[in-house]
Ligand SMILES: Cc1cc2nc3c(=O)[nH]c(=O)nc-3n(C[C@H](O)[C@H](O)[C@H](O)COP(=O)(O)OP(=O)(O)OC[C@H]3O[C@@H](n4cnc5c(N)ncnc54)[C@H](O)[C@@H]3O)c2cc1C
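Below sits a lone chain in structure tokens, taken as the form predicted alone.
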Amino acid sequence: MNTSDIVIAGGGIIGLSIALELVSEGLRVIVLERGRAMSEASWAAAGMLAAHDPENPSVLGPLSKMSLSLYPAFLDHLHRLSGQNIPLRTRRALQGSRRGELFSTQAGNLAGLIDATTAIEVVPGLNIQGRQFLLLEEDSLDPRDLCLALPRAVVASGVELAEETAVLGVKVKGQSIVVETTNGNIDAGAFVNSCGAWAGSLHGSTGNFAPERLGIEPRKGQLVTVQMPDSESLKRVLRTPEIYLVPRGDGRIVIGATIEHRGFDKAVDSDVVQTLVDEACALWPPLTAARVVDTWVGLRPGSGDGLPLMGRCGGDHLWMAAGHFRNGILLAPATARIMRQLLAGERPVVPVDPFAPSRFGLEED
């Protein structure tokens, strides 16, 4: 039987970031991925580090701020280990209010509020009708860069990454656990469920460890990339509650995204794609000159209350780090740091009670 200090189920950005954090403390870590690492929600994401999006739940503020502070070192660490550069694609975002509405004073810091003339200067051609705008200091990156770098970095750091390996069962065995997989069993000191949209349907639960009670389920998001004739046409993220446009470079712009309750359906709907493009064109009319070059679907891991789950999930050896919904890319470095602290019995540097799995009625002890 294989052995490890920690077994992590899920090879997306959350699971791999936790593994990288734990192995830096000298722990033996195995990551189990049912398919290919970074091939689901992490690959499909838009890549906005949208810590100041007024649509975010306010309780995410401290965690988001912490993650932003860790990001430069996180990217440098990945670069050193993998040799893969992960450039920031944009450094600012123009955030619009809902159509026909003003920003709520409860939405957070409105210090970035700008007038219509300035908004058009920031994004020439912008349709300002019926909206207010905030200019935010906000970075974005291309998650496909992370998808190349993070698995390489994890392996280079000494983590065992077992792809095409599904979890069949998790059983408590005295002061340890046995993780049953399609490629044999693993004896470990702790198990972390970071299976993203699949976290609530992990097979073989035992005792208090009942992930199906967490309310985690897929939130289908359809996205489209368009190609503009002018490579310098859009230099900043443009976002409203209804739509977002994220420049990738070379005139490519990602448009997204729907939030659909369709289970694990990953089919692209051409009518939905056209609606996204039409909505984006209404916000930024120069986009009518673009052509569609790619479409895809991501399955975001949504929890019952829209907040992440981080902490013990039944007994001393069973843990959860999932349910990051639209903010997995943003929150990965902070989640990794907090999970390392929790597993070590330390007090996390930011409050994590709002994210405890126990809020869904699961016992921690």
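Note that the structure is a prediction, hence the values are computed from the model and not measured. Note that residue numbering follows the sequence shown and begins at 1.
What follows is about the form predicted in complex with this ligand, which we do not show.
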Item to check | Distance check, residue 166 to this ligand in the predicted complex, heavy atom within 4.5 Å | outcome: yes
Item to check | is_contact(residue 327, this ligand) in the predicted complex, heavy atom dist at most 4.5 Å | outcome: yes
Checklist entry - residue 112: heavy atom within 4.5 Å of this ligand in the predicted complex? => result no
Checklist entry - Even though this ligand is not shown here, does residue 218 get within 4.5 Å of it in the predicted complex, heavy atoms only? => result no
Next on the checklist: Each of 53, 95 and 245 within 4.5 Å of this ligand in the predicted complex, by any heavy atom, yes or no?
Outcome noted: no
Next on the checklist: Please identify the residue among 339, 309, 313, 45 with any heavy atom within 4.5 Å of this ligand in the predicted complex.
Outcome noted: 45
Item to check | Option touching this ligand, based on a heavy atom within 4.5 Å in the predicted complex, out of 177, 202, 290, 253 | outcome: 202
Item to check | Options 267 to 275, 151 to 159, 291 to 299, 75 to 83; stretch whose heavy atom lies within 4.5 Å of this ligand in the predicted complex | outcome: 291 to 299
Item to check | Within 183 to 200, the residues that have a heavy atom no more than 4.5 Å from this ligand in the predicted complex | outcome: 194, 195, 196, 198
